[in-house]
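The chain that follows stands alone, in the form predicted alone, written as structure tokens.
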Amino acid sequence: MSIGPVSQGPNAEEAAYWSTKGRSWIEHEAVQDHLLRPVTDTLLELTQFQPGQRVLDIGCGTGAHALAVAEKVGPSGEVLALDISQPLLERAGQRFAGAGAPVQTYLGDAQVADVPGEFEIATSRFGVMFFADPAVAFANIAGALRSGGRMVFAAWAPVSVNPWWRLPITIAQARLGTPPPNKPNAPGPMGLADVTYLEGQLSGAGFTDFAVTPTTITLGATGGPADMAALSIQVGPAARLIRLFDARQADVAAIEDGLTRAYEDYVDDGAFAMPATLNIIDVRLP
């Protein structure tokens, strides 16, 4: 595992978060992989990775998306999996080694890291919405791509069209109160939901041929509403509000109960199935 600057710099707060609170993604890896597999499938279909390509996966987390890309580029290709969280990246490295996949890991902040190599494609499954300065970060990523290189990534559409975000926020705030408002387009899961803003950030970084594909998928899990409510108080917006307000156990239990009841509207044949809307962004370098 190579190492870039993470403990200091413009995204040090994100590095600290994903290296501490973000460890919950490791604990819930299996259900998260299942939940988000449709996002990876959509990216694979639209990107059409080819054998032999060199690919940079930004914000790889515990590595599920990078592994899927590695299957497409094959042993003649290469994937560099980059993340700002050492615990998540160490777990990803274990998975890559166990699968014998052509994936290397790199610990670094994509906004400032001197990423080694020259890549044909940069990809990301919900890993590029957290930059303090997206234009600077995208310019740095562009520097890791060869001339004519391409970046294809998934970002969440607004909260208003995503019950996976809207319901936990609504239910947690009803119990705990409203947190201070974020600035528009602030780093976070919805940081790039405004596609007009996003296009400006990418064009400022030198990318052209901006294309956005709004996509509706189904977030699925083998568990039912209670299982997903238990996940939601550990990972995601409800979990963040619970930590922000230092919620009492009674509050946490009430939020979990409220989510269980809300999630009962999203059951198919006994299993959780919730529609989600995201944007697939496809850009190129001249």
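For every residue, the number given is its place in the sequence shown, counted from 1. Keep in mind that this is a model prediction, so the values were computed, not measured.
Unshown form predicted together with a small molecule; subsequent notes refer to it.
> Quick one: find which of 118-126, 190-198, 208-216, 69-77 has residues within 4.5 Å of the small molecule in the predicted bound form by heavy atom distance.
Looking at the other structure, the answer is 118-126.
> Look up in the predicted bound form whether W25 has a non-hydrogen atom within 4.5 angstroms of the small molecule, and give yes or no.
It does: once the small molecule is placed as it appears in the predicted bound form, W25 has a heavy atom within 4.5 Å of it.
> Is it the case that I171, even though its partner is missing from this view, gets within 4.5 Å of the small molecule in the predicted bound form, heavy atoms only?
Although the small molecule is absent here, I171 would stay clear of it in the predicted bound form, with no heavy atoms inside 4.5 Å.
> So in the predicted bound form, does any heavy atom of F272 sit within 4.5 Å of the small molecule?
Although the small molecule is absent here, F272 would stay clear of it in the predicted bound form, with no heavy atoms inside 4.5 Å.
> Using a 4.5 angstroms cut-off on non-hydrogen atoms, would P163 count as touching the small molecule in the predicted bound form?
So P163 does not count as contacting the small molecule.
> Counting only non-hydrogen atoms and a 4.5 Å threshold, tell me whether L36, G61 and F131 all contact the small molecule in the predicted bound form.
Every listed residue reaches the small molecule in the predicted bound form, so yes.
> Of A110, V103, L145, L202, which one comes within 4.5 Å of the small molecule in the predicted bound form, counting heavy atoms only?
Filtering the options by heavy-atom distance leaves A110.
> Looking at L82, A155, M151, A92, which has any heavy atom no more than 4.5 Å from the small molecule in the predicted bound form?
Here the answer is residue option L82.
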